[in-house]
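Shown here is one chain on its own, the form predicted on its own, set out as structure tokens.
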């Protein structure tokens, strides 16, 4: 009798702080239990940069602020059966999306970049240049949530969600018993 097939999981971090990946590590010793059920494919946790095969679950941290983020997110949607937005940046744009609300000009992206690189009060940019190397991904007009770009199957809220919440959602999803959260599970107080 052969062992049941392990589920394949991929993770990525887009425009965020990597805190949700740190929260995955906060699952602590339960990671050993989880790794008996899954193989990790493309992920900063494994340093695998490209999909090696189709994945059952893709976990996305961070929103989309540049064209590379959009490309990676669409690649995850194409290569994963279930896509999970992990944390507030993936769900709503999080702190990076603060730039969406503070821009008031006809060219809000330029206004944001000038504040960041030229006119900010704590800058020492003597050249007064905004980085524009062709190797840098093009910035989007604003920061978008993952659901603004692709279909998202589940959301795990929090900044960052606790290891307990992540473990509960993943273990129930792997067992076919996850259908979202009840109010008590995601209460933050």
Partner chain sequence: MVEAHSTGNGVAAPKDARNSRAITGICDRFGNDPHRMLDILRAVQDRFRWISPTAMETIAEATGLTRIAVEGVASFYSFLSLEPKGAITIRLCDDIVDRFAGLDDVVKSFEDELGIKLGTTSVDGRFSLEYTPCIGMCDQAPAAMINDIVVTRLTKEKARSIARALQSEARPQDLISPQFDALSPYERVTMAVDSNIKHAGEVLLGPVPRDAGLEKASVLQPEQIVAEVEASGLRGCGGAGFTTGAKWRLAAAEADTDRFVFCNADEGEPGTFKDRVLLTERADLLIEGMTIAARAVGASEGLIYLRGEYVYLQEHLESVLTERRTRGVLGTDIMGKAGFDFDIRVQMGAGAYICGEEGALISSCEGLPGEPKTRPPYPVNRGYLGHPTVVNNVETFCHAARILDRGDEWFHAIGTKGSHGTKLFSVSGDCLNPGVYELPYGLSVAELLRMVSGEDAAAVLVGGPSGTMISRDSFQRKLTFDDLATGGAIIVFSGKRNILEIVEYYMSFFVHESCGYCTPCRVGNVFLQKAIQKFRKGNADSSDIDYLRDLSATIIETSRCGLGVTSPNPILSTLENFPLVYSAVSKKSEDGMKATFDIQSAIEEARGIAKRRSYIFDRDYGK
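Residue numbers count along the first chain shown, from 1. Note that the structure is a prediction, hence the values are computed from the model and not measured.
From this point on, the text means the form predicted in complex with its partner chain, which you will not see here.
Residue in contact with its partner chain in the model of the complex (any heavy atom within 4.5 Å), chosen from 40, 123, 48, 139: 139. Residue-level contacts in the model of the complex: of 34, 27, 149, 57, one residue has a heavy atom within 4.5 Å of its partner chain, and it is 149. Judged against its partner chain in the model of the complex with a 4.5 angstroms heavy atom cut-off, the residues 92, 115 and 128 are out of contact without exception.
By the criterion of a heavy atom within 4.5 Å, residue 164 is excluded from the residues contacting its partner chain in the model of the complex.
Interface residue remark: residue 132 is counted as part of the site for its partner chain in the model of the complex, having a heavy atom within 4.5 Å. In the model of the complex, residue 109 approaches its partner chain with a heavy atom inside 4.5 Å. In the model of the complex, 67, 68, 70, 71, 74, 77, 78 are the residues of 56 to 93 with at least one heavy atom within 4.5 Å of its partner chain, listed from first to last.
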